[in-house]
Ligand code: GMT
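What follows is one chain in structure tokens, specifically the form predicted alone.
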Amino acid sequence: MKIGIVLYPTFGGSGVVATELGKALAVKGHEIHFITYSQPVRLGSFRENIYYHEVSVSDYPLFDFQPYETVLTSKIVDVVKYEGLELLHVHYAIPHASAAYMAKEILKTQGIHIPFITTLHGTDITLVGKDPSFEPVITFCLNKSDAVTTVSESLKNDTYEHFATEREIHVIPNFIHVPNEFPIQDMEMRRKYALDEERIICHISNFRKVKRVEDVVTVFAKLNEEVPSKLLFAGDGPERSTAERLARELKICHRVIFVGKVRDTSPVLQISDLFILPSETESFGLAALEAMALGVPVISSNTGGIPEVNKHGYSGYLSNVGDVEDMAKNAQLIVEDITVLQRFKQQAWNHAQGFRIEQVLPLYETLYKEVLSIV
């Protein structure tokens, strides 16, 4: 199949999943065309069956805000026509689904029919979608999509709750590359950050308010009183200064390390013993799954799609949002005893096997074939 994938090219979960999906499809022989405004961060170097089409927006002084959706629509039309695409798969509703719909209608006038699938990833429904100024557009685009998918049952339910969509919504979970063998910690790298008898706790995010990074610091401070540890923060964003300030107030600066944005988070996870994800809401919890795939158990909130990823008492523990006491207690249960820690590490890795890309990819391929067979 010749498939166009429209995505945000950044570090966010939707862009990561869309890029990895395209790369996996290309390995299986499908021709993949990425359409976005800059090269996706996970795309890497030149690869067989993969093409990248940049959406370039000129700076017109007439506009206070540049018309990206219009330019994206034109680029989609161009790529479909001249690359002979059979299907569009757009990730994130705004503005990708609306641009795909406009492109479809334009191409229809030229005798070309191009179906499109919309995958919802979370904030396009739970945050942006709740804005009354976007709701009519999102509802319309969902109903005009040839198929709609979400990454969790929780997000599927949220979509039905907030939008008057008539479409059947297919749940296809996010996926991960899981090492074939249980990962071994890089002790040389680990010793640069902590003593052998200390535990390394980590958090990776974009430091938005919804991630509740203050809770990460508070949970760590309580845990560190019982089990000497170090905290690694990877990523950056608006709440970083809040986390830094709290660490100073709690007098644990010497135990909290901010490494900043990293393109590949696996080296951080490979030296970590525990991952903390206390988010206000998560449609799926891809960061938690990435941790589990490298044998790192997870302490998380029980909101949104996270319980579909983190199995309570097996791959980690779940707590109510904001319950830092319970999170700290559960963290101590995992890391205090090395035997228990090793068991949870193994169980986290075992649980991640159910989200291997090899298992999820055929679900998308089947849906593609179903949509094309209807055309």
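On a predicted model such as this, the values are computed, not experimentally measured, just so you know. Position 1 is the first residue in the sequence shown; the rest follow in order.
FYI, the form predicted in complex with this ligand isn't displayed, but the following is about it.
Participant: Which of these stretches, 260-268, 234-242, 104-112, 277-285, has heavy atoms within 4.5 Å of this ligand in the predicted complex?
Facilitator: Comparing against this ligand in the predicted complex, the contact stretch is 277-285.
Participant: Any of the heavy atoms of H203 lying within 4.5 Å of this ligand in the predicted complex?
Facilitator: No - in the predicted complex, heavy atoms of H203 and this ligand never come within 4.5 Å of each other.
Participant: Could you tell me if S301 has a non-hydrogen atom within 4.5 Å of this ligand in the predicted complex?
Facilitator: No.
Participant: If you check in the predicted complex, is S14 within 4.5 Å of this ligand, heavy atoms only?
Facilitator: Residue-level check for S14: yes, a contact with this ligand.
Participant: My question is simply whether H96 lines the interface with this ligand in the predicted complex - judged by any non-hydrogen atom within 4.5 Å.
Facilitator: Answer no; every heavy atom of H96 is more than 4.5 Å from this ligand in the predicted complex.
Participant: From the list K156, R190, R167, R208, which entry has a heavy atom within 4.5 Å of this ligand in the predicted complex?
Facilitator: Answer to the contact question: R208.
Participant: Counting any non-hydrogen atom inside 4.5 Å, which residue from V90, V151, L72, V80 sits next to this ligand in the predicted complex?
Facilitator: Residue within 4.5 Å of the partner: V151.
Participant: Counting only non-hydrogen atoms and a 4.5 Å cut-off, give the residues of 168-183 close to this ligand in the predicted complex.
Facilitator: Contacts from 168-183: just N174.
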